[in-house]
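Let's start with one chain on its own, the form predicted alone, as structure tokens.
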Amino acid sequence: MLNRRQLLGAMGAAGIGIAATACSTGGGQPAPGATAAPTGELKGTVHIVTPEFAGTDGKEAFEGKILKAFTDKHPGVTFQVDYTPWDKLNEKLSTLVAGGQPSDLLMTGMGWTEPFAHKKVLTKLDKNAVLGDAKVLDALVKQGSFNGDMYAMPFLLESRPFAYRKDLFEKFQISTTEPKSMEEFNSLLEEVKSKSGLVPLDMLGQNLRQIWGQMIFAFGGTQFSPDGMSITFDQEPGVKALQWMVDLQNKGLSDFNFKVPTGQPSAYQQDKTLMAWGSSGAWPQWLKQTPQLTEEGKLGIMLMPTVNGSKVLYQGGTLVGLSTRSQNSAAATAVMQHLITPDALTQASLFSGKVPARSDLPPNPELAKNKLLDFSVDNLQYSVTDGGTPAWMEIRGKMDPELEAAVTGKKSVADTIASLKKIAEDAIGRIK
């Protein structure tokens, strides 16, 4: 069950990557040059680009509930919402920026803040004015920050632990003890394959860039230097992480060909695997398509161990930024303040299945049913993410084809790393 105790407990623990150390609340002085808190009567249209709230149900959740609650208080404000899917979002935002007409509010992903802040697409925010008294993990505020200033407000998080079929593990007499090392995790996959006869893990059918990002941390490395201006993924941990992914495919422990179109039942849902790299955001889809998999006796959840005895949990997410070209920054800032309220975040989390950014939401019986979300909240201290360079938007879209070539045997690991290194160094060189 999602509650204050669990989130605060997670915040107090030390970890790696974007690991949490404390929470942020209002108070203090605004950063110089940051947008001010809105005052007076609000009116006009607020334009929003969002990769969340897809489909008719999403539109109803966002405009019919979340934004309606805002206009009930501010009837002079109207909205124009552009629902752009994640795989088209970077292109959409780039087109808007190039055309000089970006929306007032831009919803982006983890790792996107540095590039858009560096290009002056996002406005520096007054953290205290935007967040108010909301308790938000400092590590998440950091994900929305660039050079120490906040440029995007954390909104929703998407963690990816490993889900497994507890009932089938018991049927095939496979231990459910969580692996404590990479060797134990690899042995578990081999055991699942030998005893069940199935491909053990649904992982390579998902985003290869994000998998590699997590596994570099699992092997004890990073992708970029702390200032994001040089690469580190070409070092031993990055090479070992990619080799591990290639070995998964070659040994039949996971299958790149298990990819399915967005919204379709995954290989795990189709009983092709006993384990899945499961997103908390997949929970609503599981409930609709394969509710039996969410039952207590069938769902087990575990984390990825690391070479140094810790664990990792890949963390994506959605942040909200204010465009530097906003024509209605007062109303747009007030909308950001509304989006971080408990009611708005609860509605957003109920629809998306993703983890709400603030830690002090009241208990909700529907949110409590999302076991992947609950597990993610309990283990936020192990969170890692990819990116971390102002050149990320030029790099990220070129990584998957290179990684796919390695996983499918069309390119060696060494040649793939060399290609990725050239792509990243060229992109970073253009912003120096």
Partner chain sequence: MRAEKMWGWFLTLPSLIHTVIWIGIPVVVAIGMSFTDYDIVQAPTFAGLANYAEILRDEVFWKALGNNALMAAFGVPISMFIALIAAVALNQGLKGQGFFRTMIFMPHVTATVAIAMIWLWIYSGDPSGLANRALGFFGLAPQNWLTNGDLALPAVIVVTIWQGIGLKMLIYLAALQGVSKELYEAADVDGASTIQKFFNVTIPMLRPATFFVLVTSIIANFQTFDLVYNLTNGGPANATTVITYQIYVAAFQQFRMGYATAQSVILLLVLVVLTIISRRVVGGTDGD
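Everything quoted here is computed from the prediction, not taken from an experiment. Numbering follows the first chain given and starts at 1.
What comes next is about the form predicted in complex with its partner chain, which does not appear here.
Using a 4.5 angstroms heavy atom cutoff to its partner chain in the predicted complex, all of V121, Q270 and P401 count as contacting.
With the partner left out here, its partner chain still marks one of 140-148, 256-264, 284-292, 165-173 in the predicted complex; by a 4.5 Å heavy atom cut-off that stretch is 256-264. Although the partner is absent here, N90 is a contact residue: one of its heavy atoms lies within 4.5 angstroms of its partner chain in the predicted complex.
Taking the partner from elsewhere, V49 is found to have every heavy atom lying beyond 4.5 Å of its partner chain in the predicted complex.
A residue is said to contact a partner when one of its heavy atoms sits within 4.5 Å of a partner heavy atom; Q101 fails this definition for its partner chain in the predicted complex, lying far away. For the chain shown alone, K432 is not a contact residue for its partner chain in the predicted complex, no non-hydrogen atom being within 4.5 angstroms. Scanning A344, I301, V97, L350 against its partner chain in the predicted complex with a 4.5 Å heavy atom cut-off leaves one residue, V97. When you look in the predicted complex, the only residue of F116, Y314, W212, W277 with a non-hydrogen atom within 4.5 Å of its partner chain is F116.
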